[in-house]
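What follows is one chain in structure tokens, specifically the form predicted on its own.
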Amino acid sequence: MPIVKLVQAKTVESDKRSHPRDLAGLMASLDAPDATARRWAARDLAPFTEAVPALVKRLRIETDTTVREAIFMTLTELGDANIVQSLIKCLHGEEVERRNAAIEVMKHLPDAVAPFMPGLLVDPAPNVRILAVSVLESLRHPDVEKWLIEVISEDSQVNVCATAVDILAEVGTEAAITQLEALKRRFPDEPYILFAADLALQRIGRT
């Protein structure tokens, strides 16, 4: 890029962030026509907990991927129960990118997510239950194994149980042995369940 164009580009980028950086100014920029201005506003709102409703509202209608990523990053920094409720709504949505981003944010909010996890794991929609189990993969919370054991003990959907068993193969302890063996008896005709449960038992220490 010629130097003149580079300078012009930097000037334009600076202009996108030239509006007042107080809460009112950032909230206004969050709805700006230009995606770059919205992205900067989303990032600069990180210190303002008052901005959560506006960020969530913007997330529901935002079409630019980079702006959505900035919003999710800020929500991670601001993480609380209200944010988790909004992320759960994303899990019920149809857009894959938004669901995946919500999962990644939730993985970094163990304390805020924990109260909602029991409900998510019995959600009427199997796909949502699978997504909830996926959150557990990286959720650093002491109840992760307990939740996974409950899934393989009670869920009737083989795909949900398979997802849970895959994670138990990584995090399971002797506490999971009885239910892993029971799972094999529940799904005797499901080759993957038998394989995954045996693998988990092997890694735990029971061949």
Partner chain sequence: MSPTLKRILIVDDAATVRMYLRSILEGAGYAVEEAINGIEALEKALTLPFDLYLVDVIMPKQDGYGFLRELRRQDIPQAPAVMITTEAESRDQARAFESGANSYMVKPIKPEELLAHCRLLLNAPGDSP
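Since this is a predicted model, take the numbers as computed values, not measurements. Positions refer to the first chain, counted from 1.
What follows is about the form predicted in complex with the partner chain, which we do not show.
Although the partner chain is omitted here, in the predicted bound form all of V96, N127 and N159 have a heavy atom within 4.5 Å of it. Of the candidate stretches 24-32, 178-186, 165-173, 48-56, only 165-173 contains residues with a heavy atom within 4.5 Å of the partner chain in the predicted bound form. Although the partner is absent here, D80 sits far enough away that none of its heavy atoms falls within 4.5 Å of the partner chain in the predicted bound form. In the predicted bound form, at least one heavy atom of L131 sits within 4.5 Å of a heavy atom of the partner chain. When contacts are judged by a 4.5 Å heavy atom cut-off, E104 counts as touching the partner chain in the predicted bound form.
Interface membership of Q85, defined by any non-hydrogen atom within 4.5 Å of the partner chain in the predicted bound form, is ruled out. Heavy atoms closer than or equal to 4.5 Å to the partner chain in the predicted bound form belong, across 189-205, to the residues D189, E190, P191, Y192, F195, A196, L199, R203, ordered by sequence position.
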